[in-house]
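One chain follows as structure tokens, the form predicted alone.
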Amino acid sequence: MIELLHINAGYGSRQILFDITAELHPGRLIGIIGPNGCGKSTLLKTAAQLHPHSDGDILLDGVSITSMPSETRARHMAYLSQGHRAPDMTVGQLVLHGRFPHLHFPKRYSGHDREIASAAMETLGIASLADTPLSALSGGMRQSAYLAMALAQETDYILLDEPTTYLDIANQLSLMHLLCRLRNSGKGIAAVMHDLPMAMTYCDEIWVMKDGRIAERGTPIQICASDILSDLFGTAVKYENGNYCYQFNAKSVSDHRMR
């Protein structure tokens, strides 16, 4: 389990996260939602120890991650950022980088590592692009390559910052189905998401962030039953006939735009 205990974090003198306490359990898919600038990305970076926290502690299976070597953390926790540059390498080379935390001296990839990387590319449907330069890919295909790299890392936990970015709707759905399969296999996954009905449909739990705090946590049904989505986004999400969908209210949308 990943435990965030009273975490404060920020950039210089500007505090972004305030007293964050939450847990990510194995076999759970968490959706993190909230307005732009509320601290969602900073929360994931801090949880992955890619951004320092000023107060509190982060525990991985009961052990503070601040005392762990970076390679040890990387064997348990994968993090995928929101935007990706296109380094001068092929898709296959990038995906193979996911195996780096598992290498031992003299840091050479084994046949087993290559098999895992190949399987990850097969899972994401990009095996035929293994020898293709990343710079030649569309944004969506490049995103799939980075997702394959995270999958090849074979960690217990995966932290994803807007993983559906650049993906068309068909590939967004494929990705969410993949995350559900990974969740069902026992991985703990937290993903920043902007599509509220999609988050409600696929996630076990929703963390709603506002002004650097987790304003509300609960199941999708519980979050939809509260007023927080209307307050934050000017629209609610309703559950009807087994589906989640937006429920727009003209007045609330107008009021929200006036803020």
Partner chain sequence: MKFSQIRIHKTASLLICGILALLLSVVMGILVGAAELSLSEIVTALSDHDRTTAAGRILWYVRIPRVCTAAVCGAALAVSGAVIQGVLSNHLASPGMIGINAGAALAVTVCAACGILGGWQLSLFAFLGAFGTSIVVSTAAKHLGASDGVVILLGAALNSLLGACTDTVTALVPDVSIMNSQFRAGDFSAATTAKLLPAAAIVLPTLCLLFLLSNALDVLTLGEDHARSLGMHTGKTRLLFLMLSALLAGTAVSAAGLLSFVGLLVPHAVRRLAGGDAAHLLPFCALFGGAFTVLCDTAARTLFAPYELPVGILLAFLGAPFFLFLLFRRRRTGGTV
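Positions refer to the first chain, counted from 1. Keep in mind the model is a prediction, meaning the values are calculated, not measured.
Missing here is the form predicted in complex with the partner chain; even so, the following discussion is about that form.
Student: Check, residue by residue, if Arg213, Ser226 and Ala236 all come within 4.5 Å of the partner chain in the model of the complex, counting heavy atoms only.
Tutor: None of them does, since no heavy atom lies within 4.5 Å of the partner.
Student: Choose one stretch from 216-224, 196-204, 49-57, 26-34: the one whose residues place a heavy atom within 4.5 angstroms of the partner chain in the model of the complex.
Tutor: Result for this chain: 49-57.
Student: Quick check on Leu151: any heavy atom within 4.5 Å of the partner chain in the model of the complex?
Tutor: Heavy-atom contact with the partner chain at 4.5 Å: absent for Leu151.
Student: Does Thr90 reach the partner chain in the model of the complex, with heavy atoms at most 4.5 Å apart?
Tutor: Judged by the heavy-atom cut-off of 4.5 Å, Thr90 is in contact with the partner chain in the model of the complex.
Student: With the partner left out here, check for me: in the model of the complex, does some heavy atom of Asp168 sit within 4.5 Å of the partner chain?
Tutor: Flag for Asp168 set to no.
Student: Is Met121 near the partner chain? Define near as a heavy atom within 4.5 Å, in the model of the complex.
Tutor: Within the cut-off, so yes.
Student: Using a 4.5 Å cut-off on any heavy atom, which residues of 53-86 would contact the partner chain in the model of the complex?
Tutor: Counting only heavy atoms within 4.5 Å of the partner chain in the model of the complex, the contacting residues of 53-86 are Ser70, Glu71, Arg73, Ala74, Met77, Tyr79, Leu80, Ser81, His84, Arg85.
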